[in-house]
Structure formats: C-alpha cells, structure tokens
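The chain that follows stands alone, in the form predicted alone, written as structure tokens.
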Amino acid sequence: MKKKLAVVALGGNAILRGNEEGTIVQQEKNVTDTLENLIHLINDGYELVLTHGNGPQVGNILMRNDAGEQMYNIAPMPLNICVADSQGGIGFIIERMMRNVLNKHGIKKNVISMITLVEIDKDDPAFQNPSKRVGKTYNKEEADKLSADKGWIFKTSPKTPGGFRRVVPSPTPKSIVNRQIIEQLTDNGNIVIAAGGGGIPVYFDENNDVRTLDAVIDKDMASSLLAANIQADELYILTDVSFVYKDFGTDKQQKLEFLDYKDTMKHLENGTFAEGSMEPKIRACLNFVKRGGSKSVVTEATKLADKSYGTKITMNYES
C-alpha cells in the first residue's frame, strides 16, 4: 500500500530571519527548529519532499559576484548558476540538520538534496515585464552604469528611498524536470529536498537540449507544481503566520480556517490577500488542489503539529 506523501515548502524564516546576521550557526538552528515540527508527519506515515526559499542567500551570492568582479576581476556567474549554488548550500544545511533530527528521534531514513531543474516557456509574458527584485540596492548612477554595461533592468526599491534593484522575469513553471526520480526516491522511503528557490528555470530548444534564461521562479508555485507532478496528497506552505486572514492588519481582520476552491477564488478576485506576499501562496494552494491534491495548508512551522492551527484549502469544503 502506497504511503501518504506530503510536500512541505519551508518559508524564508525557516532558514534566515530578518533580524539576524545570517551566520551558519543561526541558519542551522532555524532549520533544526523547523524540522522538529515535521517529525509528527513522519510518525503519521507520511513520506516527505521538502522545498525551500533562497531570497536572502541568492542575494548574497549575487553581491559576492559583484565584489569578486570589481575587486579581483573574477568572472561573474549568471543567475541560474547562483540559484544552483544556493540550492546546493541550503540543501546541505537542511539535509544535515534533517539527518540529525531523525537521529535524535531514532528514525532511520535516508535524506537527499537535489539540484532541481524547472521547465518554463521561453516566450512567457513575464519576460516582457521583469518584476522580481534580486541582488543588492544601488544608487541611480550605479544602476544606470550597470544597465548600460550589462543590459540589466532596474526598478526602484520600496524599502530604500532613492535606491534601485535589478529586476528579472518570474515565469510560470510548466513542469519539474526531475519529477520522476523524486517520485521514485519517495516511493522508496527517502526524504527528498528539491526545487530550492523555485528551481533553476530551463527550457528545451529545437534539438531538445537544455537551455537557461535569467529568471527566478516563485518558490510556492514551483512547490505546488512539484506536489501535483509527483501526486502528493498534501501541500504545506510554512510562513510566519498561523492562519491566513481576511483584511489582514486592519480592524476587520478575520481568521480563515477552512476554505474551498470556489470561495477562495472569490477572495482573490476581491483582493483579500496581499499581493506579493500571501496572494501567491494562496494561488499555489489552489493550483495544487485543482490538479488533484487533497488538501493545502498554510501555517507557521511551530504550529504544524497542532491541527487546530493553519488555513486548510480543499477543492470542496471539509472541516
């Protein structure tokens, strides 16, 4: 009998928190604290695939790129290599901490982290409107020079008045290239870490060769697609709130615990969820249940073991 399969998307605060320097000790502790909350899923008979974000980390890699080029004339690597670097580094942290947590609880399972390719459409409309901010903040003179030298596109930085950040396309993922081996590994009882940072965006040319483009894929959308591709039963998106709220941050704030597809679509159409933060997570959840997943859950990592927490999204309402 096939075991239940869950995809768990670790949010940025599961690895690096905003008030921290980002030392390896801090990142390892954050990851360990998060992974402790997944043990109940294993004990309940679930096989696991873990995904993760990479925003702060890939930003730091891009800054090292800049510093190496300016100070030592080291050839900078393209964005796809930087994403791959972050997948390897973060994947190693999660794998090592997962092995230690399993050992603590006396659970014998193999863990593997995988560099994951995600297919996109090279003609995706997102390439006509780059919107995802990456890397460091520059002043206008620096941004203009980089735009002229490298062809980069810049937009103002909302968090830094007078600052500019590079923007790249964020295309819709079409398929997880490594999905078959991921499914085989989970079928054999292994914990797989995959699709880090949304995966490395690739497309296939007329000769079926793999090609890359400078882009960043939304982590939650890639996690949703991966979950559907490998026929997972449930998708968990871990963030920094215990529930999804209607009118979040206002006097009318209302906790949403159970949602079905139809009502959730109405909330999206009414602009209930914050664009760029909760909205893409909700769309990822909807895409998963629409493709056959039984349930999506949005919650805080520390509340995962308590089923009274978390917003549950199903195709049809279930309490």
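Numbering starts at 1 and runs along the sequence shown. Note that the coordinates shown come from a computational prediction; the quantities given were computed from them, not determined experimentally.
FYI, the form predicted in complex with a further copy of the same chain isn't displayed, but the following is about it.
| Looking in the predicted complex, is a further copy of the same chain within 4.5 Å of a heavy atom from each of 228, 232 and 315? | Zero of three within 4.5 Å in the predicted complex.
| message | Only one of these stretches, 127-135, 215-223, 81-89, 145-153, has heavy atoms within 4.5 Å of a further copy of the same chain in the predicted complex; which one is it? | response | Contact-bearing stretch, as computed: 81-89.
| task | Select from the listed residues 139, 184, 175, 160 the one whose heavy atoms reach within 4.5 Å of a further copy of the same chain in the predicted complex. | result | That would be 184.
| task | May I ask you to choose, among 244, 200, 120, 238, the residue with a heavy atom within 4.5 Å of a further copy of the same chain in the predicted complex? | result | Looking at 244, 200, 120, 238 one by one, just 200 meets the 4.5 Å heavy-atom criterion.
| Contact flag, residue 113 vs a further copy of the same chain in the predicted complex, heavy atom cut 4.5 Å | Because a heavy atom of residue 113 falls inside 4.5 Å of a further copy of the same chain in the predicted complex, the answer is yes.
| query | Does a further copy of the same chain get within 4.5 angstroms of any non-hydrogen atom of residue 63 in the predicted complex? | reply | Close contact exists here: in the predicted complex, residue 63 approaches a further copy of the same chain to within 4.5 Å, heavy atoms only.
| message | Check residue 167 for me: does it contact a further copy of the same chain in the predicted complex (non-hydrogen atoms, 4.5 angstroms)? | response | Residue 167 lies outside the contact set for a further copy of the same chain.
| a further copy of the same chain contact at residue 308 in the predicted complex, heavy atom, 4.5 Å | Residue 308: no, not in contact with a further copy of the same chain in the predicted complex.
| Is any part of 180-212 within 4.5 angstroms of a further copy of the same chain in the predicted complex by a non-hydrogen atom, and which residues would that be? | Contacting residues: 180, 181, 184, 185, 188, 190, 200, 202, 207, 208, 209, 210, 211, 212.
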